[in-house]
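Before any questions on how it binds or moves, here is one chain, the form predicted alone, in structure tokens.
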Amino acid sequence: MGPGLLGYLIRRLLWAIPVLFVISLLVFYMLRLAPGDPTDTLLRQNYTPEAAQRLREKYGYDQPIHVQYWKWLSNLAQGDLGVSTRYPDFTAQEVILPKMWTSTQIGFFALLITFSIGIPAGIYAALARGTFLDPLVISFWLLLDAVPYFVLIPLAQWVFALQLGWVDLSYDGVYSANMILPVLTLALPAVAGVARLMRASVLGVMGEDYIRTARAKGLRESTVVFTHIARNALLPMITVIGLSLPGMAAGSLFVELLFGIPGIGREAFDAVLAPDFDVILALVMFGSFLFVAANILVDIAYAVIDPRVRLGEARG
């Protein structure tokens, strides 16, 4: 790592601190000022004003908001993200991390399939421009993308599990054969966006002078496509790939609910309904950190792959 790249990385990391601070401040105040009280959920039918007051004192909800925030920030600096009010025996990270890991593994395989299919599909559609194959390829993936998850998932379960018996709908781990259907359900509809972007990128590169020069030199078409067109057209995809990485850990509410997967999307939904303040804050901070890190990695990847790109202007 050169001194310029190292200096850029340090500057971006230092800038990430105030960004994350502002995000935490806004979300903390929004949660505290929003309607709803975690003590209502904790007590339910046993609710009494005296019991609610004891719980507020226990969790510090009776203190001024700025005092609560300073206490939370001090704990965060020590690696403590708070305690879940739904699971009093567990910290927020103990609730979140296992479920986030489950969603990340599923999201990784889904993302891998999406780009493995979407990039070649986009290249093929661009090269077939002017023929019926171009709109046919893109329209097929757009049709799949247009079907809502709450329609697609029950249909896929009925066909592949109940009628054909190829998979079991029970959840028994990420690496089991039963996870093929959730992964494909998550991955295939997303191919349309990748294919369309890749097609547009390839068409833009095909109009460049150096592509005409390469063909005029008599290079084989396969060499022109893979060495010159595809390689340069992939540069804009770096942004898409990089900014898709945080989404791996975000999970999918419909996929996790309908397939019974204990992932982070389902946990986030339950935490918001509760409300579980510390878990919600931990989710926001994890997501914000991953997004900031993804932006930094995208800029660095641009500069490494194409030295002509200046750091900090890679996605401009």
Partner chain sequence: MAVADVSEIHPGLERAETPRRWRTLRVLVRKKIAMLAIAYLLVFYACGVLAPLVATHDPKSQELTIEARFAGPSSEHWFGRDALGRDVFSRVVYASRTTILFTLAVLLTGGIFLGLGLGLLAGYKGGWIDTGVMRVGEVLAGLPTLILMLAITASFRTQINDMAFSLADNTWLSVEDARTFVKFVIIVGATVPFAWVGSARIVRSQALSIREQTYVAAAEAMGASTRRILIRHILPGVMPLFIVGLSAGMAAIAGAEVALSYLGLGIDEPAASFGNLLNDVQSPYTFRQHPHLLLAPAIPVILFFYAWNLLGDALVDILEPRANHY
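Predicted model, so just to flag it, every value in this text is computed and none were measured. Residue numbers count along the first chain shown, from 1.
FYI, the form predicted together with the partner chain isn't displayed, but the following is about it.
Taking 4.5 angstroms as the heavy atom distance cut-off, pick the stretch from 120-128, 74-82, 222-230, 162-170 that is near the partner chain in the predicted bound form. Answer to the contact question: 162-170.
In the predicted bound form, the residue from 55, 31, 248, 261 that sits within 4.5 Å of the partner chain by heavy atoms: Partner contact (heavy atom, 4.5 Å) among the options: 31.
Candidate site 200, 280 and 284: all three near the partner chain in the predicted bound form by heavy atom within 4.5 Å: The answer is yes: all three residues contact the partner (heavy atom, 4.5 Å cut-off).
Even though the partner chain is not shown here, does residue 288 get within 4.5 Å of it in the predicted bound form, heavy atoms only? Residue 288: contacts the partner chain in the predicted bound form.
Should residue 51 be counted as a contact of the partner chain in the predicted bound form, where contact means heavy atoms within 4.5 Å? No.
Quick one: does residue 67 come within 4.5 Å of the partner chain in the predicted bound form, counting heavy atoms only? Residue 67 lies outside the contact set for the partner chain.
Please tell me whether any heavy atom belonging to residue 94 falls inside 4.5 Å of a heavy atom of the partner chain, as the geometry stands in the predicted bound form. Because no heavy atom of residue 94 falls inside 4.5 Å of the partner chain in the predicted bound form, the answer is no.
Does anything in 123-147 come within 4.5 Å of the partner chain in the predicted bound form by heavy atoms, and if so which residues, in order? Stretch hits, in order: 129, 135, 138, 139, 140, 142, 143, 145, 146, 147.
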